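Shown below, as structure tokens, is a lone chain in the form predicted on its own; questions about how it binds or moves come after it.
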């Protein structure tokens, strides 16, 4: 690595490259050794500081570092396009903090971001982390734009600083079940029984409850409903329970590492099912899973966050991600989109003031993001215009299969028998 490069996450950053790192950084005190002082990425003044709070270490580090990269790509694109024009071309300056995959650290990191002078921040890849960070941010009247945080508790606490840009578990579950019903009808109702495997945190527990209520309404009986902690290191007993129940359909909803291990164990134990249909599956729309465990990944379907691949800026992001030798995941996509939303709100607020930015976000009708959303409409912090899509793993690719206007392939349901 040359002298003018700084190692930042999964790839090196050059001072000649797309991120400019101030030589002196920002002097901030770490919290009892649990929160590292954030890296401050400086641009030419005038600047507006935007926080990026993600789990860069710990169990969710892969997702967090991917999200950080997406946010950085967005900042680069916005600054290259002239910055915030209503503020005299002010450039966005990122202040990055590590949530360490722990709610207490996520909350403490908000103090660091506030002291650094950020006007708003994005984060932080898991409902438990976001619940803690947004509660802490309320003390500073500091807006948090959730990139991923699907638990409905996120928007049920009456906090005016919370803006969940992506769909929550209720919207994702409703959309997933509508599409599942259609798929099953077209396949002459081959699916009659279901096994649910879920992480037992806020998002997974809420989803399990919804699925147990709604699956019988579309003619499907739940024969197993299995929760597990995060992290979970061994799925053998869970998979043996599934194998004994002989469900037609398996619905896994958990994070990347657990999802991958579950899928591998299902394959090893030769569990036969007509389909694996995920809702917010941590690996089911992840190219890393496709690349590293291709056999176990085939024909897995998911209802999850994804961008609109038809948009020129989406295509530019895909190229930029490939050039950086990173995986193109929804973590990158939604973090990119959340920075776009903040930039648009700053433009309309014409001020970095936290209160004015909260007001601008609350009244946002932004429709220019890379996501397949209509104009933003926040109601009690929930973006009612957000919608998930359905993907399916086919060969080496992740294809979109619903909605039809974004589809890159027809859905295969049920999946072919595995050899």
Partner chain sequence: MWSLVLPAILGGLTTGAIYALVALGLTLIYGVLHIINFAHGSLLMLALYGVYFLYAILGIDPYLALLIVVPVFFVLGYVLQRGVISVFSLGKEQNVLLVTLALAIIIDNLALYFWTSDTRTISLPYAYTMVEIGPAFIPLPRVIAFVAALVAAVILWLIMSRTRLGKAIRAVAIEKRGAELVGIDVDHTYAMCFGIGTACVAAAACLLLPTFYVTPQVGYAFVLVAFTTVVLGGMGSFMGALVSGLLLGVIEALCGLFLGESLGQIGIFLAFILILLFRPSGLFGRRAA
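Between two forms, the rigid core is the largest collection of C-alphas that superpose within 1.5 Å. Positions refer to the first chain, counted from 1. Model, not experiment: these values are computed from the prediction.
Below, we turn to the form predicted together with its partner chain, even though it does not appear here.
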Of the candidate stretches 333-341, 184-192, 211-219, 225-233, the one with residues having heavy atoms within 4.5 Å of its partner chain in the predicted bound form is 225-233
Check your understanding: Given that the partner is absent here, does residue 260 sit within 4.5 Å of its partner chain in the predicted bound form, heavy atoms only?
Key -> yes
| query | Taking 4.5 angstroms as the cut-off for heavy atoms, does residue 59 touch its partner chain in the predicted bound form? | reply | yes
Non-hydrogen atom contact residue 328 with its partner chain in the predicted bound form at 4.5 angstroms: no
Worksheet item: Is the gap between residue 270 and its partner chain in the predicted bound form 4.5 Å or less for some heavy atom pair?
Response: yes
Please tell me whether the candidate spot formed by 200, 237 and 292 is one where all three residues come within 4.5 Å of its partner chain in the predicted bound form (heavy atoms).
yes
As a check of understanding, the residue in 160, 85, 311, 241 with any heavy atom within 4.5 Å of its partner chain in the predicted bound form should be identified as 241
With the partner omitted here, the residue among 349, 317, 256, 142 that in the predicted bound form has a heavy atom within 4.5 Å of its partner chain is 256
Residues in 166-181 that come within 4.5 Å of its partner chain in the predicted bound form by at least one heavy atom, in order, are none
| task | Compare the position of the CA of residue 313 between this form and the one not shown after a rigid core fit and state whether the shift reaches 2 Å. | result | no
TODO: Determine, after fitting the two forms on their core, whether residue 205 shows a C-alpha shift of 2 Å or more between this form and the one not shown.
DONE: yes
